[in-house]
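Let us start with two forms of the same protein chain, each given on its own as structure tokens and named structure 1 and structure 2.
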Structure 1
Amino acid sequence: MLPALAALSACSGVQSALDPAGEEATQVATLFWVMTVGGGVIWAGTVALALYASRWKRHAATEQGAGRLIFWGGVVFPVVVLTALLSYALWLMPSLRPFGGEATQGLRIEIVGNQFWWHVVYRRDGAEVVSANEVRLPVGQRVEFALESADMIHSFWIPALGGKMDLIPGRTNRLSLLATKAGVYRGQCAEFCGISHALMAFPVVVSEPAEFDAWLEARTRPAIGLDGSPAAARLFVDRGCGDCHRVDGTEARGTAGPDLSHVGSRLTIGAGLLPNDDETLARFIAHPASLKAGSRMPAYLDLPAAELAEIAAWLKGLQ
């Protein structure tokens, strides 16, 4: 009993496909349990037959009886069960990838996978909001994702909301998700893409529509705290950070790395790697590749501790 409870406890959590918070994930979980039950029925029948033959059947079966057993137990029974499972899966498939006529409330999210981070752009009613390494969604509204890759094959997967979709260089794949439960979930790259593949994750925040609208509207303007420390903003540009990173409302216009315009309000840094606070920001700036192998961001070990702390505090203030 205890091992079964321990196994079932692994079916919940922010990255569990069996603890669904989206319409498509609910379908996937249902399909999993139906397939599990169907497989269990075949397994139980096979075990029962083996026990009967080895323990309780004391006399040799007639040739006619053996033929009937092979036909009904070895052919008809598994074929009927597997055909029923396949039919159910095929019937379910259109609802796992809904497109065509599905309302998306005008919201489109463009995702570009990079080693080892995510470029995120929200588009609605002509407005564009650029972000990185975090996805925000309204509950109860279908959202369309446009998925691309900047370097190699990645895979965009939010287990609690739906199935995965690959990001392939040179083409755009589309994915549609409908979140049904507010909360914070975890997405992950599901296609091996290099040394930090396992660390290429992202938080997914699903909120009520009004809260999401307010969040999106706030991101169309420069961040609160932008002018909190002009000296730190100048250090950020002078030290070359703006060559790779963009901060809306400043001279930083780089696109090689994640957009940092509202980085202080994100839940994590390093694509789901670390909690977002002044200390971890300073650590990541100083030696990113030590914290995330394969990171293309250069180390800034030569920065004085005071300057490092000043830049980190300014970035955390970009809410």
Structure 2
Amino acid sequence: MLPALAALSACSGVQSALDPAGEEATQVATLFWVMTVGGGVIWAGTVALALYASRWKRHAATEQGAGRLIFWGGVVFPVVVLTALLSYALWLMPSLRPFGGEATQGLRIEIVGNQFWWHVVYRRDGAEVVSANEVRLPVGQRVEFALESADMIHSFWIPALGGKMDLIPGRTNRLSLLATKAGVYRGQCAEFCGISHALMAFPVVVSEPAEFDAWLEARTRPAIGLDGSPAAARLFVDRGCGDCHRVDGTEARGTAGPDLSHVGSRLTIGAGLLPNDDETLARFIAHPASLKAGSRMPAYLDLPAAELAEIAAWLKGLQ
């Protein structure tokens, strides 16, 4: 009973290909069920036949009868079934990779994989919004992704929305997704890329187009909390944070780490690692590698607690 429950509960949730919320994922899920049920039926038939032959059949088959069984059951049947399955999968392929060029003129999202975080750039009508470690999409609109890598091979996968696609250094791979259900999902790096590969995830927020447009429009301007604490903003730059992180509207213009322009509004910090609040932000700043092994951000253990709290609170305010 318990294993059955566990198996069933894995079929739903924010990161399940069996609980699709996108057009591509629906096709992949259908393909999965067709293959699974088909394979199950063939397996059951084969086992039944083996049981019949070994337990209940009284007489040996004639040589001609056995030959006929092998020909129909072992040659014709597999060829027909495999041809049908191959054709079905190939027939799905063009719709799983829909790149008209014209059809996806709208929103384009560039993703650059880094150990162990995601650089995200939204482009639409000439506007550019830089973000990181979170992907937001409008429901019902096809979005094209351009996938690149800054260091090694990663793989971009939002199981609830569609299939995965590798990010390969020196190449731009393309992926097209159409979300059909609003909600919050989870994406995950699906190609082993180093010690914190499993912690390289990201929340995916699918919202109504109007809501998404408002969100994107707000991201073209500096964060509202930017002037909340000039002292903290000063500290952020003085302590060297700005050498690696960019915060729109300040002197912090680094690009080695994730863009933090609106970091306070993200659902998680550390690329899907922890919920985003003052406390987790402070913990991450103080000692990133203890939360995420292999993180290239240096520890700030000598930062006075008051300064740490101030910077964390300011970052959380960047909405």
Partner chain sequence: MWHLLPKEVESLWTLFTAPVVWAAHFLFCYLAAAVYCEKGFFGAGFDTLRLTIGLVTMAALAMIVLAAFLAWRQWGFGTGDPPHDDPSRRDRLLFQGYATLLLSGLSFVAVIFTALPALFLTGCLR
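These figures come from a predicted structure and were not determined experimentally. Residue positions are counted from 1 along structure 1's sequence. Definition used throughout: the rigid core is the maximal C-alpha set that superposes within 1.5 Å between two forms.
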Response to the item:
Output row: form predicted in complex with its partner chain located in structure 2
Worksheet item: Hey, does T220 budge by 2 Å or more at the Cα between structure 1 and structure 2 once the core is superposed?
Response: no
Worksheet item: Does superposing the core leave A150 with a CA shift of 2 Å or more between structure 1 and structure 2?
Response: no
Fill in: Shift of V130 between structure 1 and structure 2 at or above 2 Å (CA, core fit)
no
Worksheet item: What is the C-alpha shift for L82 between structure 1 and structure 2, rigid core superposed, to one decimal in Å?
Response: 2.8
